[in-house]
Ligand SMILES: C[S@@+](CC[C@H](N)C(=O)[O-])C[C@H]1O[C@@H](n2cnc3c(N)ncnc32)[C@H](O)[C@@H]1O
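As structure tokens, one chain now follows by itself in the form predicted on its own.
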Amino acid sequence: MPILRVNTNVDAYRLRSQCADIHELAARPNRKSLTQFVNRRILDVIQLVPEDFVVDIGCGDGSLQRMANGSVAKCIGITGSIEEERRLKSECPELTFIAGQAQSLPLDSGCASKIVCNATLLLLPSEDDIEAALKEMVRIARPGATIWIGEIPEINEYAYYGMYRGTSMLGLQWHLLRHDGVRSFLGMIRRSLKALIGREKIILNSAGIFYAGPAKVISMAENCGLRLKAYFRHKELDASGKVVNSEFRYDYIFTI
């Protein structure tokens, strides 16, 4: 497969939907246990009841839907593209997935009692898009609904971790040489040669990331009609499987 260049996260996830492993849609390669841990924690915090209508905006690999299935009245996963919707429906035909954008949800007003939007707002292209998504959550929420908004980093993680964000192979190779050394540089040269003959896939993504500290996130949400109940450091698993606090990410619980 040739070298692929994308400049939106929607397009990046379209490509993820083609991967052999469905869990690529959770953007945690080879860390299925972490995805399951995060979704189990979300469900524990929002406390499902049998009458709930659950909406998961940016539902990833559908793990949360699988966990909630059978314990609530309805659970819908919103995907960012038709390609993701088709892949998820083929893997999980018993569950409900709908393609749509967080900024314009394909759902009726006042339908949801529990809304989950985890590791999704950070992928939207602008603050205007984030505000539109927040207003859509308010629109679809029932009075007193619980809204989980998770994994919002307080810093630019791409810059902090030295991640390349661009669409130039030369730029990527130079970046690896400067930041990771000769071994990584040579490894990418080999991968790029394989990509040219269809034996490797390289995706170059220039899309950015939204980041903001709690004060700004809370202010944005409240200006859109949400009311804060609590916020806390996001919890994850380290390499040994120990539960730890995220270095930079926060989770938020809102209601209306």
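The first residue of the shown sequence is 1; numbering continues from there. All values reported here derive from a predicted model rather than from experimental measurement.
The next section is about a form of this same protein that is not shown, the form predicted together with the named molecule.
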(message) Using a 4.5 angstroms cut-off on non-hydrogen atoms, would Leu226 count as touching the named molecule in the model of the complex?
(response) no
(message) Please tell me whether any heavy atom belonging to Ala141 falls inside 4.5 Å of a heavy atom of the named molecule, as the geometry stands in the model of the complex.
(response) no
(request) Verify the contact flag for Ala102: yes if a non-hydrogen atom of it lies within 4.5 Å of a non-hydrogen atom of the named molecule in the model of the complex, no if not. (result) yes
(message) Within 4.5 Å, heavy atoms only: does Phe248 come near the named molecule in the model of the complex?
(response) no
(request) Select, from the options 202-210, 25-33, 216-224, 45-53, the stretch whose residues sit within 4.5 angstroms of the named molecule in the model of the complex by heavy atom distance. (result) 25-33
(request) Quick one: from Val72, Leu123, Cys111, Leu172, grab the residue that has a heavy atom within 4.5 Å of the named molecule in the model of the complex. (result) Leu123
